[in-house]
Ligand code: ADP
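Only one chain is included here, represented as C-alpha cells and corresponding to the form predicted alone.
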C-alpha cells in the first residue's frame, strides 16, 4: 500500500558548488532515495561514508514505515484506528508527537496534526482535488483538536473519529536522525536533501559553508537567492508546492489554517526556517506560514533559536537579522532586515 505524507516541500535546492579533491574525492558517497512520497539525496564525505550513507538510507525506510498514514503496520495507522484507546508506539513516534505538541502550543494552534480528514476532503492526500462545502469542513473540524492527543510513556492515543498525520514534522525528524548516524560514523561533512528539506553536517570538505538555494514562490523554476549555512537545517513551506486551481479560478494550496479548514492565506507565500534541529524547523515552517507575517515575526522574537526568510504575498522579502549576512540575492525584490528588538 502506498505510503502517504501530506507535506511535500520543494522550496529549497542544493547548489552544486562542491569541488572535492585529493582524499575527499575518494571518500565521497551519495545515494538517491524515493521515500515519504518524495525524492531524496544523501551525500557524505569521510572514510566511513559508504556505511554511513547505507545506514541512513535504511533508517529513512524504517521511519517511512513507522510514520505512514496509510500503512496498516505503522504507528500512525494504529493510533488513527485505535478507537480512542492507547496504543504502544516507538520512541521515534513519541518524539515526533511531542515535537508537534510543543509547536502546537507555541504557535497557538497554528500547527495542527489532526487536520488529516480535512486534507482528505480537499483531495490533497489523493490528488483528486475538490473544494469541500463549508458544512463539510465545519463537521470535520469538530474532530481536529491537537490538545486531545495523549502521549504517555510508550503509548499514544487520539479520540475516536480523530486522525493525525505527521507530514509537517516527519522529514525534519528524519534529517536529525541521519545527522546522528553521520556523527556516529565520524563523518564531519555531509548534506542531505529530503524532498526539499536540506540539512547539513559541518561545512564542505574544503571548510567553506554549504550554499542552499531558496525558490522564488512567484516563479518556482527560479531562485530568489541563496543562503550559506554550516551545521544547519534549511526548510521551506510555500503555497506553490502542492496546489490546484478550482472551477472558480481560485488557487488552493495544501497548507491549511486550523481556524477555518481552508488554505492559509495570512500574508505569506513562502517561509524558510534555518536552525539546528530539523524537526523543529520543519514544524516551524508550517506553523509560521499559518500564523502570517506579523505573528510569525512575534513568534521569532519570543522564541528565538532559529532564523527566517519570509516572502509576503505582496512580494516583499523579510530576513531576520541572524541570517541576513549569509543571504545572497539572485533576484531583485523589496526587502528589509528584521531586528529582534524592532517591534515596528
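Numbering follows the first chain given and starts at 1. Here the structure is a predicted model, which means the values were calculated and not measured.
The form predicted in complex with the named molecule exists for this protein as well; it is not shown, and the discussion that follows is about that form.
Peer 1: Is residue 237 a contact residue for the named molecule in the model of the complex, using a 4.5 Å heavy atom cut-off?
Peer 2: Contact with the named molecule, yes.
Peer 1: Within 4.5 Å, heavy atoms only: does residue 197 come near the named molecule in the model of the complex?
Peer 2: Output for residue 197 is yes: heavy atoms within 4.5 Å of the named molecule.
Peer 1: With a 4.5 Å heavy atom cut-off, would you call residue 255 a contact of the named molecule in the model of the complex?
Peer 2: Although the named molecule is absent here, residue 255 would touch it in the model of the complex, with heavy atoms inside 4.5 Å.
Peer 1: Although the named molecule is absent from this view, report whether residue 261 comes within 4.5 Å of it in the model of the complex, heavy atoms only.
Peer 2: No, residue 261 sits far enough from the named molecule in the model of the complex that none of its heavy atoms falls within 4.5 Å.
Peer 1: So the named molecule isn't shown here. In the model of the complex, which residue out of 187, 118, 110, 227 has a non-hydrogen atom within 4.5 Å of it?
Peer 2: It is 110.
Peer 1: Here the chain is shown alone; which of 310, 49, 290, 279 has a heavy atom within 4.5 Å of the named molecule in the model of the complex?
Peer 2: Looking at 310, 49, 290, 279 one by one, just 290 meets the 4.5 Å heavy-atom criterion.
Peer 1: So which stretch, 91 to 99, 175 to 183, 132 to 140, 237 to 245, is the one near the named molecule in the model of the complex (non-hydrogen atoms, 4.5 Å)?
Peer 2: Going through the listed ranges, the match is 237 to 245.
Peer 1: Is any part of 148 to 170 within 4.5 angstroms of the named molecule in the model of the complex by a non-hydrogen atom, and which residues would that be?
Peer 2: The stretch 148 to 170, when checked against the named molecule in the model of the complex, contributes 165, 167, 168 at the 4.5 Å heavy-atom cut-off.
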